[in-house]
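There is one chain below, alone, in structure tokens, taken in the form predicted on its own.
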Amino acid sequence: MITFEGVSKHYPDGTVAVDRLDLEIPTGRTTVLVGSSGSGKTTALRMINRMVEPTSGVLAIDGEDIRGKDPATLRRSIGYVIQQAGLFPHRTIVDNIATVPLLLGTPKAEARGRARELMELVGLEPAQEKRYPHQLSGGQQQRVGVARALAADPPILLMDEPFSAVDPLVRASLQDELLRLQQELHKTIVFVTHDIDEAVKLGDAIAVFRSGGRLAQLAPPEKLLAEPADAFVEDFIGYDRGVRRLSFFPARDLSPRSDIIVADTATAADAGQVAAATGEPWLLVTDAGRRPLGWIGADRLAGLDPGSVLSGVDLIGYGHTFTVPTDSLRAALDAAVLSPAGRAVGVGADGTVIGVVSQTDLGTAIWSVGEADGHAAAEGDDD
């Protein structure tokens, strides 16, 4: 466990970067520090490996004050990942990753063997080991940075806005990769970001810093979104915090409809009968493998030759799908809002269609979440 007890950082010009910080970071979990620029979150992170020295207070790792440790030795026992990866441009990828083990005296062959294992762990190809950083994409360089930080198998991993310099698609991929790694490795991760969505996705706990380096709130993501401590935290999270909170409720509790799905081998007459029987204005058309192809409206069906086969008819795109067993209500809502038919297409893990969920059905599910919260709050008041 990492503990801050009344830790402050004051600079000679009078700037207070961190002000009397009390914070516990549990072992084997991911704690995310968020806040606007100048709120002290990066300073707090860098005090853990003594890149910044506290002015006052006690910062301890597993009960031991870090001021009693040699800074160089301490840093070699803590992984550190920064925004631009910080790779050595003149070293190959495998030797970049092997840097710390080599500094610790590990034989070169053993260090490189460990580096190759880590390349595979973070999703890099074996053929990339002899390349240099400039020959990799930004996302690949960040993967190298993560692998290098893990090379000496440190119990603590510090990550200072590591994914902010890459495009959104790569960033999402790196976030997913970090979640996968953490499930496998159970490191104590301290992650700094200014992006509340990233914090909610990655953190077991989120520490919100206010201007002046003071801690505004520490809470699990779901509680932070549901119960911000004050107006500052509420404003920082944003007014769409209710939508963000849907990420914590599973889509598997929905009941997708399968009665408005037709195969592309059906005729317009067959599909018209389905539309009439269900009273639905839209039908989802799938292929022989039950994968989604697109929507067709009941009014369009009425104008087609009854014998027309749907495989030969132009369809309206279905937007994107959500995975019923693993996705959240937020993913389902997003799919429904972006669907031209106003309905979300739910699929299984194999990509085949399970059913369709309307915005009305999603609204009912979301209302149920709010009602359950209301009951929980009332019971808490009774206690």
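Sequential numbering from 1, following the sequence displayed. Computed from a predicted model, the values in this text were never measured in an experiment.
We do not show the form predicted in complex with a small molecule, though everything after this point is about it.
Colleague: For the chain shown here without its partner, which stretch in 344-352, 33-41, 331-339, 318-326 has non-hydrogen atoms within 4.5 angstroms of the small molecule in the predicted complex?
Modeller: Only one stretch qualifies here: 33-41.
Colleague: Please tell me whether any heavy atom belonging to residue 177 falls inside 4.5 Å of a heavy atom of the small molecule, as the geometry stands in the predicted complex.
Modeller: The answer is no: residue 177 has no heavy atom within 4.5 Å of the small molecule.
Colleague: Any chance residue 241 has a heavy atom within 4.5 Å of the small molecule in the predicted complex?
Modeller: No - in the predicted complex, heavy atoms of residue 241 and the small molecule never come within 4.5 Å of each other.
Colleague: Report yes if any heavy atom of residue 194 sits within 4.5 Å of a heavy atom of the small molecule in the predicted complex; otherwise report no.
Modeller: Result yes; residue 194 sits at the interface with the small molecule in the predicted complex.
Colleague: Answer for residue 15 alone: is it within 4.5 Å of the small molecule in the predicted complex, judged on heavy atom distances?
Modeller: The answer is yes: residue 15 has a heavy atom within 4.5 Å of the small molecule.
Colleague: Which residue, 264, 198, 161, 95, has a heavy atom that falls within 4.5 Å of the small molecule in the predicted complex?
Modeller: Selected residue: 161.
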